[in-house]
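Before any questions on binding or motion, here is one chain by itself as structure tokens, the form predicted on its own.
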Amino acid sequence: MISFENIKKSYGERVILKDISAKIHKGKITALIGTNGAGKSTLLSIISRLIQKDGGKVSIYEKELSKYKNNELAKRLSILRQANQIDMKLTVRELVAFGRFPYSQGRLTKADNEIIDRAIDFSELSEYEHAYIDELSGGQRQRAFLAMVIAQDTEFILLDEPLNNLDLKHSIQMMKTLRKMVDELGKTIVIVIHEINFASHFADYIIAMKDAKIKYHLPTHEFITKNKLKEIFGIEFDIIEHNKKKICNYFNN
């Protein structure tokens, strides 16, 4: 389980995170939602040790994050950030193979290659596995980076706006893939997402952030209400129930 307590982060006088605390539910999808600048991406980067916090504590299974060695942490937790830049000329397969580095140290085994094959297939990139990353569309590149994260095969997966550059069809496919990874493989996923209906349909829990704080951390069906959504986003919503899921209609404003 991931937990964080009293996390603080500021850049100069600008407060990004203000004494925030929560526990991430194991084997579930937790969606981080909120307006731009609410601190969602910063929180993910702190949890994954990509940036330093100014105060507080992050733990995985009650072991503080700072006590994990890099290779040990890379076998437990993976992250896909918003901006992914690769300066090398790599094929899809070579990129995905990087996900196995914490295990293989660059010497891929038969088992490693089987995991890479499954990750590429999961991401529907089999026909592109020998194509170069810089030759792909933005959506195909995004799926290739997700395949690398899948190949890393960690229990905890952090995703920072992974639906960027994806069309509607592939956004749905990606969310279905994440749901399958949780339901069938027992993964724990934390995802920053802007489309509230994807969060409503696929997430088990929602952490709603505003003004550098966590305003709500609730099961999805409890959070999706007119009043809570208006408090976070500042606009009116209509809630429609269909097949036991809540659809958030915000087009009538």
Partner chain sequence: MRVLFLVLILLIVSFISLFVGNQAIAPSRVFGMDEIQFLVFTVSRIPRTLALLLSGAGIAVAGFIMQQIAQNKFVSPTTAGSLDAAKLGILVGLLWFPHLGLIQKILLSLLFCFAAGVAFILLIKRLKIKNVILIPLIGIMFGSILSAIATFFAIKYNIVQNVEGWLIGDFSGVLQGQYETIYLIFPVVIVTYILANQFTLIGMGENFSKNLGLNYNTYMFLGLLCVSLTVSVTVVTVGTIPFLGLIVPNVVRIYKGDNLKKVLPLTAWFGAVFLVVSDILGRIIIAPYEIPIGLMVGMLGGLIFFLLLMRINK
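Residue numbers count along the first chain shown, from 1. Computed from a predicted model, the values in this text were never measured in an experiment.
Just so it is clear, the following notes concern the form predicted in complex with the partner chain, a form of the same protein that is not shown.
Contact check for residue 70: a heavy atom falls within 4.5 Å of the partner chain in the predicted complex.
Although the partner is absent from this view, residue 94 contacts the partner chain in the predicted complex, with a non-hydrogen atom inside 4.5 angstroms.
In the predicted complex, the partner chain lies farther than 4.5 Å from every heavy atom of residue 140. Although the partner is absent here, residue 86 is a contact residue: one of its heavy atoms lies within 4.5 angstroms of the partner chain in the predicted complex. Taking the partner from elsewhere, no residue among 202, 219 and 249 has a non-hydrogen atom within 4.5 angstroms of the partner chain in the predicted complex.
This chain appears without its partner; in the predicted complex, the one residue of 178, 125, 163, 79 with a heavy atom within 4.5 Å of the partner chain is 79.
Only one segment in the set 186-194, 222-230, 207-215, 49-57 has any non-hydrogen atom within 4.5 angstroms of the partner chain in the predicted complex, and it is 49-57. Taking a 4.5 Å heavy atom cutoff to the partner chain in the predicted complex, the contacting residues in 147-173 are 148, 152.
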